[in-house]
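Just one chain is shown here, as structure tokens, and it is the form predicted alone.
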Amino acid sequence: MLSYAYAVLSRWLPYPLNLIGALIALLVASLAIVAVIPIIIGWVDRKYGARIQSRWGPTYVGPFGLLQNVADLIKLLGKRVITTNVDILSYTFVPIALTAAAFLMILIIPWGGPNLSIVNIPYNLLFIYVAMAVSPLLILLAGWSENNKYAIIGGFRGATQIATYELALIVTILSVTILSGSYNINDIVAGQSSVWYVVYLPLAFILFITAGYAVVERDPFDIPEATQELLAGWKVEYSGLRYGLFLLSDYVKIFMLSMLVVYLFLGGWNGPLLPAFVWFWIKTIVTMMILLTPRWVYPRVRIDQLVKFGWNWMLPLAIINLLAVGMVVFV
């Protein structure tokens, strides 16, 4: 998409103005996507959860409550930011860094076709994983910066949980890359033109969804926040725009997880009859609705149960799966 915008602007603008214009256009488009995705997914999440629990969800602001999240965003922007007894540098840096990581993922992930990424780079799967993997350090830093015992406990819980399940996540991703022979999402999707990898790797599919769910801290794995115990955990001292940035990055991560499940295991944009772009979005929307469900159905597990499950079951099963794939491919 960057090359396309550059080619269009080259008809009217000389170099380097055409390049600068293309970069600005894609920057604005990416920021718009980052802003709109949480609003839409947040509304769907709230209405869907309300229906599961026999409630109405947002109803008053806009038709069907569609503008409720916009109203909430405006309210957050007007909130007073209190920074008493915090380390202001790290306190401000963490939400910006998490948003920048979400922005990076938006930039490099394909949006339903091999030529539909905003910036096309090799090894884009590796870059997306790195953008998701910075969370433990940032969460720990956020908890420390707030100078609050509940925030510090939440920060340690978050770092422990994500570090535990990221190991299983990266081992599972390795099994897919070994089978496809590439860290590029386009190549991985091309390798599923006839048979989806979920058929070859059903165990990896289950492990990836479970580990990814824990990494993005969705219920029932919201132990770092634990509202009843830690008063929102490592976010307890955040308010206003900074807190809004956390919400934004959370919904972008659940959206990215849905897209990665489709790309790695469900054939990406491959499918019969319908256009590739349509197939991709059908799969992504269905996957995202499935991923949104556990929050409203299952209770939170204890931190010791979660960590033991990660070390005793998730990681060993991921390693066994990786060894099995390696034996099939290389032996």
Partner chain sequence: MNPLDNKENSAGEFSYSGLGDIVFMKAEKFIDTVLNWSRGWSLWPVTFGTSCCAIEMMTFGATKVDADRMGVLFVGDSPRQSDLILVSGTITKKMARRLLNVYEQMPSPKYVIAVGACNISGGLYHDSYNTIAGIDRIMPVDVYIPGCPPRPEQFQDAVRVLRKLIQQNEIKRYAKQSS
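This one's a predicted model, so the numbers in the text were calculated from it and none came from an experiment. Positions refer to the first chain, counted from 1.
Heads up, the form predicted together with the partner chain isn't pictured, but that's what we're talking about next.
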In terms of non-hydrogen atoms within 4.5 angstroms, which of the given stretches 71-79, 113-121, 165-173, 183-191 touches the partner chain in the predicted bound form? 71-79
Is the gap between residue 103 and the partner chain in the predicted bound form 4.5 Å or less for some heavy atom pair? no
Does at least one non-hydrogen atom of residue 300 fall within 4.5 angstroms of the partner chain in the predicted bound form? no
Could you confirm whether residue 257 comes within 4.5 Å of the partner chain in the predicted bound form, counting heavy atoms only? no
Exercise: residue 60 in contact with the partner chain in the predicted bound form, heavy atom 4.5 Å: yes
Could you spot which one of 92, 239, 160, 147 gets a heavy atom to within 4.5 Å of the partner chain in the predicted bound form? 239
Name the residue from 243, 156, 127, 200 that puts a heavy atom within 4.5 Å of the partner chain in the predicted bound form. 243
